[in-house]
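Next up is one chain by itself, shown in structure tokens, the form predicted alone.
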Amino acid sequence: MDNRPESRDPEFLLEVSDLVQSFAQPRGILDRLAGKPQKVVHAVNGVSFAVRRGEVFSLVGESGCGKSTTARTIVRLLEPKSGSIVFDGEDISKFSASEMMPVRKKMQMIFQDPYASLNPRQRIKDIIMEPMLFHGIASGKDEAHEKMFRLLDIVGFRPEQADRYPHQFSGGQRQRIGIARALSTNPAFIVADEPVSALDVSIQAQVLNLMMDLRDEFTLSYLFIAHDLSVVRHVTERVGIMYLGFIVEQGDCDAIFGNPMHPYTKALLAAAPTLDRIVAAEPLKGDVPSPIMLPPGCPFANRCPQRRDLCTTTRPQLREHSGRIVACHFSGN
């Protein structure tokens, strides 16, 4: 079965097919003298998914599984090694820097750390106005000022706060500023890279509710990156579970949370039980394999309580089962 999204379907704003990202590690002097080959970190391994217009799609997994690298490659902060990234009907995977310029105002990013993602030497008004002026969203400073005050009002700031600097705000307020900056170019698509993980639990719900309200008001599509399953369940329609740079399960959020098929998905849900959902699964043992030396079989085989001989020799392909796609030889059998 070919699980790649159909190319240039008008229903989808973003279609990612067989995306690959890797990084060559620098060799030390001794390795070079010994003639040892350069090691390569295989961060993203043939990832495919699509995001509908107006939809929230989430990538979920443990730290280091490749979800943030996938997101940064999609918005072309990183150059993809192979695969296609079809955005609004155009394959942007090989676009030059100049060709990406008109695309960048349509896709924006909210970063994980609100303390590091804002320029501490810029006033809030300049942080929000700069993208408008750079991309020609505003014809001049007067129009940019007007739009800036409107955005600050939308994310809950008073006009007099526009002259302050980032250090004068809390983490939750800084993330709201980051959201206003992302909205300043009138984007259609926003990548939210763990946007609430650095915030207090009491503030997380406020920021998430704001993002969902803005999605409805501006008809935004989100790619939501997270490791907190309780957050994902309340904001997303569909979800992809990542492990060691592979998507191992993908489908509707309710289906996956209600009846996980892949052993890794079961383990993730079992580690975060709620009052209305308890998933029975054995605790995971062992370590995540090195992304430098990918295992020949299933990437999860060394930690899977259900593994068999086939799992250690043959890599499972994504196949359709019970309304979602799963990369497991024995799920559903």
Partner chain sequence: MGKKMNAFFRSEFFHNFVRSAGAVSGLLIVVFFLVMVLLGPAWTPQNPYDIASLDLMDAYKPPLWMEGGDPAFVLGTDEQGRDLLSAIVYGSRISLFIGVAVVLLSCVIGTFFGLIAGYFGGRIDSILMRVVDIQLSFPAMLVALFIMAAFGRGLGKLIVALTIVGWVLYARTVRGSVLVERNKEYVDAAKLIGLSPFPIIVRHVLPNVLTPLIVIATIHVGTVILTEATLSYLGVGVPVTEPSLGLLVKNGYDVLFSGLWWSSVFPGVFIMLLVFGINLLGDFLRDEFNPRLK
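Residue numbers count along the first chain shown, from 1. Small disclaimer: the values here were computed from a predicted structure and weren't measured.
Missing here is the form predicted in complex with the partner chain; even so, the following discussion is about that form.
- Taking the partner from elsewhere, Phe218 is found to have every heavy atom lying beyond 4.5 Å of the partner chain in the predicted bound form.
- Put simply, Ile177 is far from the partner chain in the predicted bound form: not one heavy atom of it is within 4.5 Å.
- Although the partner is absent from this view, Ile137 stays clear of the partner chain in the predicted bound form, with no non-hydrogen atom inside 4.5 angstroms.
- The partner chain is not drawn, but in the predicted bound form it has a heavy atom within 4.5 Å of Pro131.
- For the three residues Leu77, Arg104 and Leu118, a heavy atom within 4.5 Å of the partner chain turns up in the predicted bound form in every case.
- Stretch-level contact analysis of 218-226, 118-126, 82-90, 146-154 against the partner chain in the predicted bound form, using heavy atoms and a 4.5 Å limit, identifies 118-126.
- With the partner removed from view, the residue among Ala162, Leu244, Met261, Met109 that has a non-hydrogen atom within 4.5 Å of the partner chain in the predicted bound form turns out to be Met109.
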